[in-house]
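Quick setup: one chain, the form predicted alone, written in structure tokens, and binding and motion questions come after.
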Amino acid sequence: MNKMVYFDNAATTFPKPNKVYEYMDRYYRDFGVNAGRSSYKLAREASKLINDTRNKLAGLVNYDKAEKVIFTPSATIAMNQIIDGLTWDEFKTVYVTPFEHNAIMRPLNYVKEKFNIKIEIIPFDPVTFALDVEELNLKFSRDFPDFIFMSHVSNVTGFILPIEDIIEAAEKYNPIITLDCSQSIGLIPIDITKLDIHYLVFAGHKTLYGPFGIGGFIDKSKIKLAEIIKGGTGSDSLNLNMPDTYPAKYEAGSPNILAIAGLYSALDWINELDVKNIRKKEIELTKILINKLKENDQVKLYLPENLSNHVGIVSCNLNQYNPNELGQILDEDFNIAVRTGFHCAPLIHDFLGTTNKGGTLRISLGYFNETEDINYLVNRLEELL
């Protein structure tokens, strides 16, 4: 196979829908000006695009406050804005899951070093991935949760976390809850009105099938985060304080109009195709991949026991190979792109027992993969065993 076979969709979905490429090119050529900085027609068009994109994203999660969709350059920056914008002291206790990305863990570690907060890990069974509700309730009763940060979907295992169960267990303590939906929004139906959370973080370039350079968070809280990034907003310019209104309060600097145009078009594509149909195709491909990999006893899979709680991210190891070595062979000899190593997830490898193995080889599927891609990968792995 001459073309690259791409299985690194958890890092970024690739390719994007054709309409995303086409719309970005056309929009930047015709309307690539600075939004909200002038009254001429093209600037108004750019501002309208941003507002329309907010409305589409809010609609995707059934939220009626589009002004509380905050755009940032990435999910990582969004998470930093939330964490650094909250109020901390040495008495605060934070709960995270074993599945968290460094977009959460590194900012929290910084806060821990600065304020000496306590960080607790929500207990899961390392074999089945089942949430230990009894142990969690005990932990909550001993150390009340002030904050919970959790992924909706693990970027290493594809496990869909039981977020509703964690939220329910925490209900009487009223913690501030942030949900990282970088690996789920656009793939799994989300109704934010049914989730008792405060912030939902998104990444435009992953399951939303948009470009790099656009992410953000949806603010469902009644909290006013401190502004971490300050600067021009194109409005109220004589005021040396940041505006006190959404979204300008958290959106200093010129917006990335090209990336927002890409996200706008990607959201159109998702709405046309429907989230359920995107998910259906990925489920079908994932079943094929897992069943084929299970046929070989030299392959160790890291999966939840209940595969209905799973998306198309499959981590594995082959007995004879270090994952980095195997990834290099797949790339150089067969033109197959997978991700290897620790995947920016610092806690999960002790949980899975893969720290001393060099992490895992991660195969992550996207809408544009086909069965023939899976067959090609599996056949090449069999050649190496």
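Don't overthink the numbering: it's just position in the shown sequence, from 1. As the structure is a prediction and not an experimental result, all values here were calculated from the model.
Another form exists, predicted together with another copy of the chain; not displayed. Remarks below refer to it.
Remark: none of the three candidate residues (L60, W269 and R380) comes within 4.5 Å of another copy of the chain in the model of the complex, counting heavy atoms only. Proximity to another copy of the chain in the model of the complex, defined as a heavy atom within 4.5 Å, singles out one entry of S184, T233, T286, T93, which is T233.
Residue-level contacts in the model of the complex: of I278, I257, I163, L136, one residue has a heavy atom within 4.5 Å of another copy of the chain, and it is I257. Another copy of the chain is not drawn, but in the model of the complex it has a heavy atom within 4.5 Å of A103. Contact check for G253: a heavy atom falls within 4.5 Å of another copy of the chain in the model of the complex. None of the heavy atoms of P145 is located within 4.5 Å of another copy of the chain in the model of the complex. Using a 4.5 angstroms threshold between heavy atoms, K357 stays clear of another copy of the chain in the model of the complex.
Residues with any non-hydrogen atom within 4.5 angstroms of another copy of the chain in the model of the complex fall in just one of 238-246, 193-201, 304-312, 172-180: 238-246. Residues P73, T76, I77, N80, D84 of 58-96 are found to place at least one heavy atom within 4.5 Å of another copy of the chain in the model of the complex.
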